[in-house]
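Shown next as structure tokens: one chain only, the form predicted on its own.
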Amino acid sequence: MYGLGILKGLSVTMKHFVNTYVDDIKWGFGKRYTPGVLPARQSAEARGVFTVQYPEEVLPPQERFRFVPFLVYEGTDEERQYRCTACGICAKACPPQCIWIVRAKDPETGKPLRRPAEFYVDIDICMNCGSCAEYCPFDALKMDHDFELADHDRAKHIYDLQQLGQPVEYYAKIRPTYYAAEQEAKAAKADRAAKAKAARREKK
């Protein structure tokens, strides 16, 4: 009544405006979105501005964040050993059907090999659901954090085997918790296999 609502709204705006500079002094100018400060700024006790001025300011993605998939390989960039066996489970599990795989064949016998000759993902069709990575039995597909993929050329949005490949070190960097859990599970599996083998030897 009589403009009190407008004044009340302006007071809230002014409060956030002042608190923005108070927080900047508290955390240090330019450190608003660093990993150490983010938990406090994203909590219920956060004060000041909440808007991110993208692309000048870019929030670091959370570990669980997922965008288009990538293929994990081991070894050097020149001699890539992809984990993918071209089984096709990811292509079958993909809801929008954006994955195409061509299995490699032995040049002499013509028999199929346990590796892909070609692997394509149409990132314009991909809905980033993560089903391909979830159903992959070989931990060969993982979800990336890179979301700045805009381009004027439509053809560049169909990623091939070379573009999709990322070293296992990259995966360990962006998803350290998941990587550590996988390594622990693999170590436990190897330990069980070694114990079973030792038990069989004792019986003989």
Partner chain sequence: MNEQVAESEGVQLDAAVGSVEQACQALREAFPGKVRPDEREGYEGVIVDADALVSAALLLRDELGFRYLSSVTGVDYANDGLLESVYHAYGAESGALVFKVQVDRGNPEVPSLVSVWPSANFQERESYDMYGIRYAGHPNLQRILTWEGFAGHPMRKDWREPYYEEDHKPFKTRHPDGGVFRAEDRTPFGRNVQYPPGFDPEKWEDTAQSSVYEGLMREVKEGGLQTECITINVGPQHPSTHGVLRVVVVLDGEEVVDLMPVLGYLHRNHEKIGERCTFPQIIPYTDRLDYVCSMSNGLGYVLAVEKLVGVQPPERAEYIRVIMAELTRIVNHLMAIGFLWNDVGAYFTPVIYAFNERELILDLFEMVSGSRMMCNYMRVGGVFEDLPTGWMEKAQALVFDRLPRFVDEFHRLLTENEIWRSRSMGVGILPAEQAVAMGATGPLLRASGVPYDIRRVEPYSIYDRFDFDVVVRHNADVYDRFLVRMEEMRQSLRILRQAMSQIPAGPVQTGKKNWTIKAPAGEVYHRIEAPKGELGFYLVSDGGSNPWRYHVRSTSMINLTPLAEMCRGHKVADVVVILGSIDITLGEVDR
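Residue numbers count along the first chain shown, from 1. Under this definition, the rigid core comprises the largest set of C-alpha atoms superposing within 1.5 Å between the forms. Everything quoted here is computed from the prediction, not taken from an experiment.
Quick note: we don't show the form predicted together with its partner chain, though the next part is all about it.
- Taking the partner from elsewhere, K26 is found to have every heavy atom lying beyond 4.5 Å of its partner chain in the model of the complex.
- Heavy atoms of Q42 reach within 4.5 Å of its partner chain in the model of the complex, making it an interface residue.
- Contact check for A46: a non-hydrogen atom falls within 4.5 Å of its partner chain in the model of the complex.
- Using a 4.5 Å cutoff between non-hydrogen atoms, F50 counts as a contact of its partner chain in the model of the complex.
- Contact with its partner chain in the model of the complex holds for all three of G9, P61 and Y120, each having a heavy atom within 4.5 Å.
- Interface residues of 87 to 102, taken as those with a heavy atom within 4.5 Å of its partner chain in the model of the complex (partner not displayed): C87, G88, I89, A91, K92, A93, C94, P95, P96, Q97, I99, W100, I101, V102, in sequence order.
- For A181, the Cα coordinates differ by under 2 angstroms between this form and the one not shown after the core has been superposed.
- With the core superposed, L10 shows a C-alpha displacement of at least 2 Å between this form and the one not shown.
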